[in-house]
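This document opens with one chain alone, in structure tokens, the form predicted alone.
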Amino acid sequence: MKNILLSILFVGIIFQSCNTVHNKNEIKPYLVVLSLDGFRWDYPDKANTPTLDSLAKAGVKAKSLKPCFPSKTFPNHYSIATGLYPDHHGLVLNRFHATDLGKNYSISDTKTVTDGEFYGGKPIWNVAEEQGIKTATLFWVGASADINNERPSHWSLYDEELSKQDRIDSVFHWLSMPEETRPHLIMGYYHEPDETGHNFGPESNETLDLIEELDSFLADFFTQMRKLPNYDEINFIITSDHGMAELSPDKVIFLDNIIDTADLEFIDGGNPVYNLKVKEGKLEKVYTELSEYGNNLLVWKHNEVTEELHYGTNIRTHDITIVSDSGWSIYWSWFNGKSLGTHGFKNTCKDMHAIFYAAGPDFKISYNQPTFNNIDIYPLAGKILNLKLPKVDGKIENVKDMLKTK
């Protein structure tokens, strides 16, 4: 009942001032982007999500948001931040060996996550800072790294234990700061429902219960934001990096039953997508063995990945890229994988698609946006904030219709 009442208020009052459009000479625009990791595009159709439903009525809802390949967390959050495919910004997987640097990168290693050498492209927060706009991030991929000697004005090292209320309070605090220090771009990250989707599967009661819990979190978030005197000047985006696919214990590919591990120098990635570095003279042997496996396993040599995936040309993708069909797992025979859901599959698989909702003074009301690529969020943010952007893979043409005419 609490959520329903909040939603009615949300639709009827929250964005009542959004019928006007920013005049950039009068108002310096605001944009707050929140990402809920692994929030599949159709979860709101399966659970009770009154806050998201009301957000769609007050602003924009996309049919779905298409991630980049591989549909993993770090590559896609950084693609949103840079407007570039992973092949072009360098975070090609969650874990990889950067042969160009002679160093390993891992999402669980703070030393590498904060090492700016791994990150290509120009994150939106750096572009904004250079053009006089203060920014703040809460655990967004890349924001804790010194990239080209630049960082957001406000950032912090990842702390999964930070409570939901503390996250809300952080955003409220930043937006309450004096104008000269107040960030006008804020980007925040939360690790659910990804963790629950992995552990219990995307169709489980546990995951759907968690979706409803997150919707309540968003209700609390907007209740707090409404207390800001400049609330009606703020644009909000609620999105995610990827979706989640159901796994079956009967659909498993064991790599060591196909190839000889002695032929590999190393293997990067994790179920269901990997990049292989093959020992000298073994490329054709390994490639042939993998290719002849047959159904449910896709295999490409470096520079030969299908064009639609925009992947496999970066030196960090090594010699061979493999990915299984959706719902299939790739493990070693000695690894006892117990995950009931995962992601990383081709982005043409609809289960990999994520959510996108937006509302605020620059967004149309009750607008249904067709599916678009997550790299298009970068030019969209640039348009809202009146930024001059570098050339990227994302295209404003794909998303401009969700904005009011300035």
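Counting begins at 1, following the sequence as shown. None of these values were measured; they are calculated from a predicted model.
The same protein also exists as the form predicted together with adenosine monophosphate; that form is not shown, yet it is the one meant from here on.
Mapping the unseen interface onto this chain, Phe139 counts among the residues with a heavy atom inside 4.5 Å of adenosine monophosphate in the predicted complex. Mapping the unseen interface onto this chain, Ile107 counts among the residues with a heavy atom inside 4.5 Å of adenosine monophosphate in the predicted complex.
In the predicted complex, adenosine monophosphate stays beyond 4.5 Å of every heavy atom belonging to Trp328.
Contact check for Trp300: no non-hydrogen atom falls within 4.5 Å of adenosine monophosphate in the predicted complex. Segments offered: 78-86, 232-240, 187-195, 316-324. Contacting adenosine monophosphate in the predicted complex at heavy atom distances within 4.5 Å is 187-195. Only one of the listed residues (Tyr158, Tyr274, Phe217, Phe118) places a non-hydrogen atom within 4.5 angstroms of adenosine monophosphate in the predicted complex, and that residue is Tyr158.
Though adenosine monophosphate is absent from this view, in the predicted complex it lies within 4.5 Å of a heavy atom of just one residue from Asp37, Asp351, Asp53, Asp362, which is Asp37. Residues Lys72, Thr73, Phe74 of 62-76 are found to place at least one heavy atom within 4.5 Å of adenosine monophosphate in the predicted complex.
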